[in-house]
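One chain comes next, on its own, written as structure tokens: the form predicted on its own.
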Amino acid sequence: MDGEELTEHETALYDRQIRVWGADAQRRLSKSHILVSGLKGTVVEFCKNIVLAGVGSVTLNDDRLVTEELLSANFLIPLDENVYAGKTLAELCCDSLKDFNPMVRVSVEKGALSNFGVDFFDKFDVVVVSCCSLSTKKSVNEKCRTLSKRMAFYTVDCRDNCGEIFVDLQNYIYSKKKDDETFQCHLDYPSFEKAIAVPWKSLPRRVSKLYLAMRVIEKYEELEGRVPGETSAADLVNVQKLRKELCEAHSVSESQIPDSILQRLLEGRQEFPPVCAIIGGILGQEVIKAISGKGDPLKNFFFFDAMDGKGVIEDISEQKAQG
């Protein structure tokens, strides 16, 4: 991302942004390459934000065809059925995203995310995944970590009117200003697999209930071989059994994971556009921070629940648990 300077046209186009975060940050953005897999409403909000911000390129990966459910929160899908007949979700979103900022190269990569090898990910600076299984999240994150360069990895999941973002920036160094003085900060991030392996008993008592509930739902989908999000109220009894098993294994009370939250996550197949805008906006902001190296990044989970309107950051790692 340390290529040539901004062109005159880029400087003029991104003038307002340059005034906010500086020419160097904008140059880094314009040379960055981002892979996005799983194009639900939250993710397309994120894509819109980073395309408008002026990243170098965005590669989209989602071979699904359009369904009525996907139409509910994905504003990049044209309303005319004749336009999207036979096209994948990634192809449709690609066509629409190009209109937001012609300076950004937007393309499509077909194929299952889990089948891509390590070398494939070497082309990117940031990888954002959604709508994928627990095992795929783990494997893609580990592939990114095996590369010689530092890779920013994110997962995002929005169900009903709440959502989760996970961040892995590996060994991350960034600049921070305080009292007109700039100094460097360092953060050490765990992988997704290591983060969710932290024993629940060692987590803070007031840890987000959404964190624990998401782990139960995620595990249930994996055990049942379900596509993420393809659950319903009919699964609640079996999910309650799994919750009991996991809570006993971790020596925590089942009251930490209320039925009400599990039910919402199981039934919430459709996303709410306002929640998509909030979570997609925060994700875009975090990716811009990671690329530019400016501002305090999120470490390492973020949760938002529209029921109380609160956003919560949880630092879940082995070091934090031991500390």
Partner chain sequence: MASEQQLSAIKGAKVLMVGAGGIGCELLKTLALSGFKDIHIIDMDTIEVSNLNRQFLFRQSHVGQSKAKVARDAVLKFRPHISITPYHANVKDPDFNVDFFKQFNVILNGLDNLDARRHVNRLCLAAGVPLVESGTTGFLGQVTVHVKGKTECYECQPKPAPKTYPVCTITSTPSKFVHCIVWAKDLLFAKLFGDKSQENDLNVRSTDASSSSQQIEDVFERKMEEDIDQYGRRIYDHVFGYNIDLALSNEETWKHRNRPRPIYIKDVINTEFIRQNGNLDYNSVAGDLSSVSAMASLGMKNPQDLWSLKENSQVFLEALKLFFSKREKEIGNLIFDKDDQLAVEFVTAAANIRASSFGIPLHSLFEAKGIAGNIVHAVATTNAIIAGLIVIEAIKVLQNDIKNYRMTYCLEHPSRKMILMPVEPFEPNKECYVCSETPLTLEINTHRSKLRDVVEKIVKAKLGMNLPLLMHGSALLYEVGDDLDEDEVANYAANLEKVLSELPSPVTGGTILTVEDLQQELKCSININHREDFDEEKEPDAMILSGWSQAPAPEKNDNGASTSGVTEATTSLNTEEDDDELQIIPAQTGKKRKLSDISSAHISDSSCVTNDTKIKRKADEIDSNNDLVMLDDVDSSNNKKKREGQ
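Because the structure is predicted, anything quoted here is derived from the model rather than measured. Residue numbers count along the first chain shown, from 1.
The discussion below concerns the form predicted together with the partner chain, not included here.
- None of the heavy atoms of Val66 is located within 4.5 Å of the partner chain in the predicted complex.
- The partner chain in the predicted complex is approached by Ile77, whose closest heavy atom lies within 4.5 angstroms of it.
- Looking at Lys178, you'd find a heavy atom of it within 4.5 angstroms of the partner chain in the predicted complex.
- At least one heavy atom of Gln17 is located within 4.5 Å of the partner chain in the predicted complex.
- The candidate spot formed by Leu13, Ser72 and Pro273 is fully in contact with the partner chain in the predicted complex: every one of the three has a heavy atom within 4.5 Å.
- Comment: the partner chain is not present in this chain, but in the predicted complex one of Ser139, Ser133, Ser191, Asn161 has a heavy atom within 4.5 Å of it, namely Asn161.
- Segments offered: 94 to 102, 192 to 200, 227 to 235, 108 to 116. Contacting the partner chain in the predicted complex at heavy atom distances within 4.5 Å is 94 to 102.
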